[in-house]
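Given as structure tokens, the chain that follows is alone and in the form predicted on its own.
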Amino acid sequence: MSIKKINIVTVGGGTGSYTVLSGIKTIKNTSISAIVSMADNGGSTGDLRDELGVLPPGDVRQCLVALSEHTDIVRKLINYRFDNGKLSGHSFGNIFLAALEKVTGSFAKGVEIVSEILKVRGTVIPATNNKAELVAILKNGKKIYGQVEIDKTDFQKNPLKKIFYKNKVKLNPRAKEAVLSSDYIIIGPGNFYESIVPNLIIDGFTTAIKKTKGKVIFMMNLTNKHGHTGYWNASDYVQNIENYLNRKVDIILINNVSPSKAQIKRYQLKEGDGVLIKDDMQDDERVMRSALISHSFFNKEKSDARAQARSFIRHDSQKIAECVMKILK
């Protein structure tokens, strides 16, 4: 008699999803679906998107590599980033996915092909099949177009009124199916307005999340983003996530171990005060606290145009897996 697999869905993009997926793929008796933001328009991804008219491959590439069970050299190949010549700044995997979209006529089909090549354990699903360009309206009426420009905008000086898509962006039917059939949905960690919210505001996402019987797990970020979520407490993140979801989350995962002194010093030199998130949810029974932080330092590639936008205080994949396993049991 076969044991029914537990369906786990992740929602996010970029480094956050990569870290979660790298951990939970080691959990036995699970079926994993990664729903990935399609809002990225920066760096290699942005150039390919503008020049070739393809959907953004960068975040999808990271999730494919995270779930890959192929050899280390093949994973390194997909993530390899050229550092000189006309291809400088581009990763091989981004170019490969863009080429496959052109050859097959479908980004989703290209993702399927790469999934087979990489021996992916699970399914990587673009959140939408539509072109997705983010727009932010500030309270002073100014409009900011695209993820890169939104990243540069200081919402604490110029408060955000609303974030939405320029055109009609519908939930990928495969993403809808994954949410509806899920047992657990892990949202985050990740850049709040650039990796997490872009998934939640897609037409059809909140409807699916309200219909599912799956439990929603919100994985709290380790640090605030200066100019976006500076000085936010844990309760601020939860309140904002629930406002976008239009429902309560079921489980909240919060790291309870401080970064090393070296990490704090290095991060605050760049980001200023208000970086570390204060846990102010002692009375909330949904909170599960655990040591989730990695004390490793992550080197940034000089050829990565968006290197400065990437956090170097990150979650530990194995610690995430151990925490999730406790929930599943």
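Start at 1 with the first residue shown and count on from there. Just so it is clear, the model here is predicted, and its values are computed rather than measured.
What follows is about the form predicted together with another copy of the chain, which we do not show.
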Task: Option from 99 to 107, 182 to 190, 126 to 134, 153 to 161 whose residues, in the model of the complex, bring a heavy atom within 4.5 Å of another copy of the chain - done: 99 to 107
- [ ] Find out whether any non-hydrogen atom of residue 266 is located within 4.5 angstroms of another copy of the chain in the model of the complex, and reply yes or no.
- [x] no
- [ ] May I ask you to check whether residue 74 falls inside a 4.5 Å heavy atom distance of another copy of the chain in the model of the complex?
- [x] yes
Task: another copy of the chain contact at residue 286 in the model of the complex, heavy atom, 4.5 Å - done: no
Task: 4.5 Å heavy atom contact, residue 295 to another copy of the chain in the model of the complex - done: no
TODO: Please state whether every one of the three residues 84, 116 and 119 places a non-hydrogen atom within 4.5 angstroms of another copy of the chain in the model of the complex.
DONE: yes
TODO: Scan 256, 167, 243, 88 and let me know which has any heavy atom within 4.5 Å of another copy of the chain in the model of the complex.
DONE: 88
Task: Residue among 201, 95, 251, 208 with a heavy atom within 4.5 Å of another copy of the chain in the model of the complex - done: 95
